[in-house]
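So here's one chain in two forms, each on its own in structure tokens, numbered structure 1 and structure 2.
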Structure 1
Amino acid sequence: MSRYVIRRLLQIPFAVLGITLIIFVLIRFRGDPTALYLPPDAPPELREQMRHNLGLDLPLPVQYIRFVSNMVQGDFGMSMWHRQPALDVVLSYIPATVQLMGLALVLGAVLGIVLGLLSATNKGSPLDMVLVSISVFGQSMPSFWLGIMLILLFAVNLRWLPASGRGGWEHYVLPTFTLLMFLVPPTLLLVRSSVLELLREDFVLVARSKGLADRAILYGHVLKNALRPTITSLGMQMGRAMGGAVITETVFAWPGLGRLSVQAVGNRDMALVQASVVILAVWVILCNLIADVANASLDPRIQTD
């Protein structure tokens, strides 16, 4: 198991390096950031001085090598908008995102597994049809539209919940529900299909012939096998949910890393964009690593692949 984990850890630097190259190239196509911080009638000398201070007058390969070497030391440069080191700004916004994402991920995993089991064990019933219909509807519904509709209904019309910001428990309800509609449906459908497929396997028939109760078979044998693809899916969803958090945080003005990234792109704050995207990328990579390790612990055959 330790060799498998070490092998997966050694792959992370190469993935991060590839991501940094993509970020570096895309930001350079975004345009000249000096146009945002200087007035249109700024003299060419002042514009060139700012480009020199930002290192934009160097050849692109030199800029990239400098960016990577500084990144390894935790230096992404100064945020032109916040007038602080970019990494410090990103780290100050992470707790809000972790709180919202952590709550949504835990609830999403629990609800997805429980509702998936209920749907599978009641196949063809009205409960099954309702759960499947809600899941299909939830997967096809854009997060930003759902967030806006929730704000109009519960914040504007009924005035039961706040429309934006971060505070008490009531501020978590609408953004968490929006994320749950993004997280629960794929888990529910995957658990349902996995359980239904496993219930037709030979080992289930053998267990029943030995007199085991259906509940013991379901929770002692079927669920354990159904969790393997589910854990992989949850790991991928943890990464995808960060993309959903960007939209959700923007709609609900949640002061987290997703909203900060959108603002940084709009402000052409290169240092802040680079820092926030790298942190988001590392988050996605670590989520996939956790899912792979959890799967390997459930199925030792994965460690030898």
Structure 2
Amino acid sequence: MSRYVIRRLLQIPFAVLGITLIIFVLIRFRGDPTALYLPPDAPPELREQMRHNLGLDLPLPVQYIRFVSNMVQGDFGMSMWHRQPALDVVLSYIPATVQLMGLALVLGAVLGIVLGLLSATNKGSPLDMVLVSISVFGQSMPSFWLGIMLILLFAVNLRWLPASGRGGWEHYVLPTFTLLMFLVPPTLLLVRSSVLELLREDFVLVARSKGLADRAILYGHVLKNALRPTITSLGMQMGRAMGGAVITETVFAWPGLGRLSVQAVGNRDMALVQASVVILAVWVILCNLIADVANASLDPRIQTD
């Protein structure tokens, strides 16, 4: 088990290197970066001087190594818009994102599993039909539209809740609900279908013929087995959740990392774009790792050595 964890940990630097390579290649495609810093009529000597200072006259592989080693040392360059080191800006926006996303992810996983289980054990009941229809509808609806409609109803018309910004608990209600409508449906449908499938398995028949109570079968055997694909999918969903975060933060003007990265694109603030993309990607990779390790510890069949 510990060897498996170590092997998966060792894969992380390679995944991060791959992402930095993609970013590096894309940025070099863009052309001469000095055009961003200097006016078009700047003298060529000054431009040459700047290229030298920025290390742009070095061979590309050397430039890439410098790019990566600066990043490893926490130097992502200066954010031109915020006039601060890009990493500092990114770090100061992390708490807001972690608070909102942490709440939504935990609630989303719990609700998805509980409601999926309820739906499967009451298959065909009105409750099941309502839950499945809401899930299908939720998957067909742009979450930012839901967010806007919620603002219209609860903030503009009823004036019960604030429309935007971060503050007391009431600021969390609408963004969290929007994220939940986006995060819960896939989990709910997956738990429902895997529980229904498992209930037809032989081991359930055996457990039942032993005289085990339905409740014990459900929690002792079925749920444990249904959790594995669910955990994998929750890990895989992190990328999707990131998209949800970017959109939800923008709709509700939530001062987090997702909104920051979109604003950085609008401001043509490349250092900030790089820093936020790399930090968010590391976060997604770590979440996938946690999901894999949790899975391996649940399922003895997964080869961990």
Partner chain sequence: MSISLSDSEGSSRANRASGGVAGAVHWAGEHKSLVVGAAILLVVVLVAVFAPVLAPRDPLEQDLFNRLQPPSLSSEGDTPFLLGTDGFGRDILSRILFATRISLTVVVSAIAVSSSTGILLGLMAGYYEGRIGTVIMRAVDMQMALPAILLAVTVIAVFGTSLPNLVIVLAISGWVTYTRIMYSETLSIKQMEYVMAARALGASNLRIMLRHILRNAFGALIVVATLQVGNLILFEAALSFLGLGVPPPTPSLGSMLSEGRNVLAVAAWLATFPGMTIVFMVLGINYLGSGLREILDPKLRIG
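The term rigid core refers to the most C-alpha atoms you can superpose between the two forms while keeping them within 1.5 Å. Structure 1 provides the reference sequence; residues are numbered from 1 along it. Every value quoted in this text rests on a predicted model; they were computed, and no experiment measured them.
Where's the form predicted on its own, in 1 or in 2? Between the two, the form predicted on its own is shown as structure 1, not structure 2.
Post core alignment: residue 266 C-alpha displaced by 2 Å or more between the two structures: Where the cores coincide, residue 266 shows only a C-alpha shift between the two structures that is less than 2 Å.
Can we say the CA of residue 62 moves by at least 2 Å between the two structures when the core is superposed? Comparing the forms between the two structures, which are aligned on their rigid core, residue 62 does shift its C-alpha by 2 Å or more.
Relative to the superposed rigid core, does the CA atom of residue 279 travel 2 Å or more between the two structures? Not so; residue 279 is displaced by less than 2 Å.
Rigid-core fit: what Cα movement does residue 24 have between the two structures, in Å to one decimal? Residue 24 C-alpha displacement between the two structures, core-aligned: 2.7 Å.
Taking the rigid core as fixed, quantify in angstrom how much the C-alpha of residue 45 shifts between the two structures. Here residue 45 registers a C-alpha shift of 7.6 Å.
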